[in-house]
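This document starts with one chain, in the form predicted alone, laid out as structure tokens.
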């Protein structure tokens, strides 16, 4: 028999994804600030370790997609990584004219976790920190990130939510920061989700929005867990997911989804 979560978590209805990924280059200070400008109160971002063990905001194992640089994060030292402009992919996706406004900006370089925390505090944001380890560094990435976060995060603020697809990362987060909430990330609901979430002390379940079933949301709620869906950018999908009982939508477009619940049907399309 599994036990209920040790404490509950009130997730926001809308959370920015990698800051606000459609509004500014992902996982940068510019993206965090862009999310704050929409009025959203929470943002999600990814944390990885450089070759010399510094936590930075980054999603991919390789550097190329967002920075154009060769090599991997795991093989690149912090001094090299921190100088990289992470706006390349944003320019490719959203057009040269749009992307040109971000190229070369200091707030579009790959930020350290310490820089991100300062930005979050400045904008009064609560983070969902996704531990995104490179192979073999699942526990170490969580340990280093949580050790730094606990030293930097103000005690009078709501603590960060720590999430990961890697169970080893969540187990390490539980050891290092047992009082901080943890989120269980999965594509779809795994068969052993109840046992796994209880063992890891998680308080929320985060699923790919295309794989969310109403009965799974109901089962998670009955077990005492909040449910988040990622990455939801369309207004019709947002309404459907809220109709299924999903608590939180993680989105590249917080500007589009904020306030949508109370808007008339058809608004914001």
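Numbering follows the first chain given and starts at 1. Every value quoted in this text rests on a predicted model; they were computed, and no experiment measured them.
In what follows, reference is made to the form predicted together with a small molecule, a form of this protein that is not presented.
- Though the small molecule is absent from this view, in the predicted bound form it lies within 4.5 Å of a heavy atom of just one residue from 137, 177, 185, 189, which is 185.
- For the options 59, 239, 41, 221, the one in contact with the small molecule in the predicted bound form, meaning a heavy atom within 4.5 Å, is 59.
- Using a 4.5 angstroms threshold between heavy atoms, residue 18 counts as touching the small molecule in the predicted bound form.
- At a distance threshold of 4.5 angstroms between non-hydrogen atoms, residue 78 is out of contact with the small molecule in the predicted bound form.
- In the predicted bound form, at least one heavy atom of residue 230 sits within 4.5 Å of a heavy atom of the small molecule.
- The small molecule in the predicted bound form comes within 4.5 Å of a heavy atom belonging to residue 250.
- From the list 112-120, 195-203, 127-135, 142-150, the contact stretch for the small molecule in the predicted bound form under a 4.5 Å heavy atom rule is 127-135.
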